[in-house]
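So this first bit is one chain, no partners, the form predicted alone, shown in structure tokens.
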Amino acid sequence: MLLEGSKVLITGVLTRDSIATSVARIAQQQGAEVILTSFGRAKRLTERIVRHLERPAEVLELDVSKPDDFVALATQVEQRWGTLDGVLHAVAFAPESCLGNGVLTAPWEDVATAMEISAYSLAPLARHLSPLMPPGSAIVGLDFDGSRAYPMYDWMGVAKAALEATARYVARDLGPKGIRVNLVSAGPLRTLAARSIPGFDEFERAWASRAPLGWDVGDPEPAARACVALLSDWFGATTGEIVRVDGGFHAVAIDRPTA
């Protein structure tokens, strides 16, 4: 029971196949109380997911593009729980123009949207919720390798690189308060977000041929388990880190030989 008695807030639960949904399920199995966030029409999707969890979970409003929502969220969490032990940042979005060879053509307005939602949002989430978090608490974000350029990923790749830098600076600022901030960089998964990436099959083929442990694009559980571990006190001295859960793809330079 890694999270026995913990109170964890989880963003990004939209479909049953998402990493965030698996984190919510495993966190409950490991003893945590869970609150989810969503917004607008998507909130109905999140509320449907709740029905499939082992225990009830409230869904609070959070649109990360609206500053007032962060204030309201912190107030509501404080009223319900008083304190907060863990936060999962699982929010990312890029307009269509930012994906599929759009680096040279995407307008700034669309790029700004991708950066605000996918990277910057970690900072206000931490700013408003960290006053509720005692020493030993943790913030975990979902990442996809921002250290290199991938086909078709374009400005979302830039946003992920910005998320990685943001996490390091947030870790620096919250460390003196005893709050850890880490990212889990997962391999490609066939989630709702992945469906918006043109040529996603290229990712699938690359991981299938190169990852030493292999990789199942339909299984979010390994990444979710890593998130839960980082939310627990088992990583009590780890912060500013990127934990790669990608079957070892990042460590290998060439494809595996075929039998």
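It should be emphasised that the depicted structure is a prediction, and the values quoted were computed from it without experimental measurement. Numbering starts at 1 and follows the sequence shown.
As for the form predicted in complex with a small molecule, it is not shown, yet the points below apply to it.
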Practice problem: Among 135-143, 168-176, 73-81, 122-130, mark the stretch whose residues have heavy atoms within 4.5 Å of the small molecule in the predicted complex. | Solution: 135-143
Quiz item: With the cut-off set at 4.5 Å between non-hydrogen atoms, does Q28 touch the small molecule in the predicted complex?
Solution: no
Quiz prompt | Heavy atom of R180 within 4.5 Å of the small molecule in the predicted complex | solution = no
Practice problem: Although the small molecule is absent from this view, report whether I49 comes within 4.5 Å of it in the predicted complex, heavy atoms only. | Solution: no
Quiz prompt | Residue contact check: P188 to the small molecule in the predicted complex, 4.5 Å heavy atom | solution = yes
Self-check item: Listed residue (I117, M152, V103, A162) with a non-hydrogen atom within 4.5 angstroms of the small molecule in the predicted complex
Solution: I117
